[in-house]
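One chain comes next, on its own, written as structure tokens: the form predicted on its own.
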Amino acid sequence: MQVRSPRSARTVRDPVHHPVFARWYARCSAAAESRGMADVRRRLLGGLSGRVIEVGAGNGLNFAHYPGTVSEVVAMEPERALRALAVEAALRAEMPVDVAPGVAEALPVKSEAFDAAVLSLVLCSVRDVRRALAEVRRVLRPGGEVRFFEHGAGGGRVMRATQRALDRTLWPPLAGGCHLSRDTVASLREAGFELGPYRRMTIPENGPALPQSFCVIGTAWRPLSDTGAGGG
């Protein structure tokens, strides 16, 4: 893994600490694999190739679904308990997976070092979406691909009002900093990415629509003409 320096790696270690949520998330996400999430992960990652950075890898459930055309995955996860589970998952992966601490807003890797970036259920919980996406843009080569699967704003007027109310009150402290009403597609556009095909869906697809059920899966690119994402 190409890190900026040992000092920068140390300064970003364990900036996020949600041990209770991490245990709950690990159990629930593993159970969801057999209820359709494994298929979503395969759809998200299918066709990727080259060096990939996964931002907010959680407990590493994506690792089993990367195709053989991926040469290496650098997986950033700031929460210690989830990172330990991701390390275990990396040992079972079929390609090299390097798990490291690091927050989305300050990725400790060189600029233009990756062919693709994966954002999977992470933008809901980052502190600064604009800065996180600027970092993703920086570490991708021009023309590099973003695969995203995120939950956020959805439903009718009452549901969206409920999501906003929960974001202002109970949800973030209970759910590890997660927010329900963010708009991933709009954020990617504002960050200068070129949007490819995307699809809105609910998870579970055939279950009741809860405030956290509204998701979007798709592709975006750092423009080929983009030379201004910063140095490493």
Ligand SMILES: C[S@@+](CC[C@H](N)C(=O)[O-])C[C@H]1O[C@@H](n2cnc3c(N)ncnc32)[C@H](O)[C@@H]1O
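Residue positions are given as counts along the sequence shown, with the first one as 1. Just so it is clear, the model here is predicted, and its values are computed rather than measured.
The protein also exists as the form predicted together with this ligand; that form is not presented, and the subsequent description refers to it.
*Asks:* Counting only non-hydrogen atoms, which stretch in 153 to 161, 133 to 141, 115 to 123, 92 to 100 is within 4.5 Å of this ligand in the model of the complex?
*Replies:* Stretch 115 to 123 is the one.
*Asks:* May I ask whether 42, 47 and 70 each come within 4.5 Å of this ligand in the model of the complex, counting any non-hydrogen atom?
*Replies:* Not a single listed residue reaches this ligand in the model of the complex, so no.
*Asks:* Since only the chain is shown here, I'm wondering whether residue 53 would be in contact with this ligand in the model of the complex (any heavy atom pair within 4.5 Å).
*Replies:* Residue 53: no contact with this ligand in the model of the complex.
*Asks:* According to a 4.5 angstroms non-hydrogen atom cut-off, is residue 110 in contact with this ligand in the model of the complex?
*Replies:* Because no heavy atom of residue 110 falls inside 4.5 Å of this ligand in the model of the complex, the answer is no.
*Asks:* Within 4.5 Å, heavy atoms only: does residue 82 come near this ligand in the model of the complex?
*Replies:* Yes, residue 82 is a contact residue.
*Asks:* Give a yes or no for residue 87: in the model of the complex, does one of its heavy atoms lie within 4.5 Å of a heavy atom belonging to this ligand?
*Replies:* No, residue 87 sits far enough from this ligand in the model of the complex that none of its heavy atoms falls within 4.5 Å.
*Asks:* Across 60 to 82, which residues bring a heavy atom to within 4.5 Å of this ligand in the model of the complex?
*Replies:* Contacts from 60 to 82: 62, 77, 78, 79, 82.
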